[in-house]
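Below you will find one chain, with nothing else, as structure tokens; this is the form predicted alone, and questions on how it binds or moves follow later.
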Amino acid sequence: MKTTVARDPVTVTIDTEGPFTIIGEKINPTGRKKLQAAIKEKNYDYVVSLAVAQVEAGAEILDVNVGVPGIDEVATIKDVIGVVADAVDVPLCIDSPSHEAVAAALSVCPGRPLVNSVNGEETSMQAILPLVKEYDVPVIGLTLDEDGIPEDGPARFAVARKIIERADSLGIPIENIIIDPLVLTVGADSNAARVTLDTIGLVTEEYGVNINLGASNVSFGLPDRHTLNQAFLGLGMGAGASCAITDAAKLAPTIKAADLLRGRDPHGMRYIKYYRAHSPKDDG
């Protein structure tokens, strides 16, 4: 199944049968004091530097989140969408739990962005899915509802089903729904990654939709987080995930290598191109 996001001149196709898509995560102030301060102070040069660095590192879509307490999120997300869109030409992912902020961003975002996100709560579906329908854009569906994040795969699958069926009732094509099966840290529950992988299997078998991962959550609170994130991404890709909101600078090499090993990179051209662009230069 193919889900398309675009802005002139770039079209990105998230494809269950194609190479993995990298959604850059860095424009998100959660836990990032420097970015929080920059957004509050309207220091958008720093935001732009993050955007450019992610694209140079291999991000094909950029996630944009401006959720800082005490700001006017509606006005700020419009400003940030504008400066980021001027700086880079990749499609954007509008990331906010506020339907007012999502609506504002959709009104100014160039091309066909991705919305992050809707979940299985009734209030979320009622607020976000009509916007997805109105603007004909794809959306990430999180497998949580009024009871929180379910503890097992079948229960998370049930939430995914609810989102997909509600979207269908509104006339939203299934290819516009990307499911995020969510992952919690294995530091708190050693079965957390397994539940996520089980959910991927259930959703892909029943619906065949694209699957997104928030890969870095799996390692929270543990040493050598990078190794855990690499391993989880490889397992998630093998299970059927087709995109991730992640740090392109750290994980793009792993993703390119995994695509090559999975037979998703004919003649290794994407892997070789990435290596040539990012390998250390010989100054001798």
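Everything quoted here is computed from the prediction, not taken from an experiment. Residue indices: 1-based, along the sequence shown.
The following text describes the form predicted in complex with another copy of the chain, which does not appear among the structures shown.
- Put simply, His226 is close to another copy of the chain in the predicted bound form: some heavy atom of it is within 4.5 Å.
- Although the partner is absent here, Glu25 lies well away from another copy of the chain in the predicted bound form, with no heavy atom inside 4.5 Å.
- Of the heavy atoms in Gly18, none are within 4.5 Å of another copy of the chain in the predicted bound form.
- Proximity of Val218 to another copy of the chain in the predicted bound form falls within the 4.5 Å heavy atom cutoff.
- Considering another copy of the chain in the predicted bound form, the lone stretch of 182-190, 169-177, 151-159, 117-125 in range is 182-190 [heavy atom distance within 4.5 Å].
- Taking the partner from elsewhere, no residue among Glu73, Ala103 and Gly111 has a non-hydrogen atom within 4.5 angstroms of another copy of the chain in the predicted bound form.
- Heavy atoms closer than or equal to 4.5 Å to another copy of the chain in the predicted bound form belong, across 257-273, to the residues Ala257, Ala258, Leu260, Leu261, Arg262, Gly263, Asp265, Pro266, His267, Gly268, Tyr271, Ile272, ordered by sequence position.
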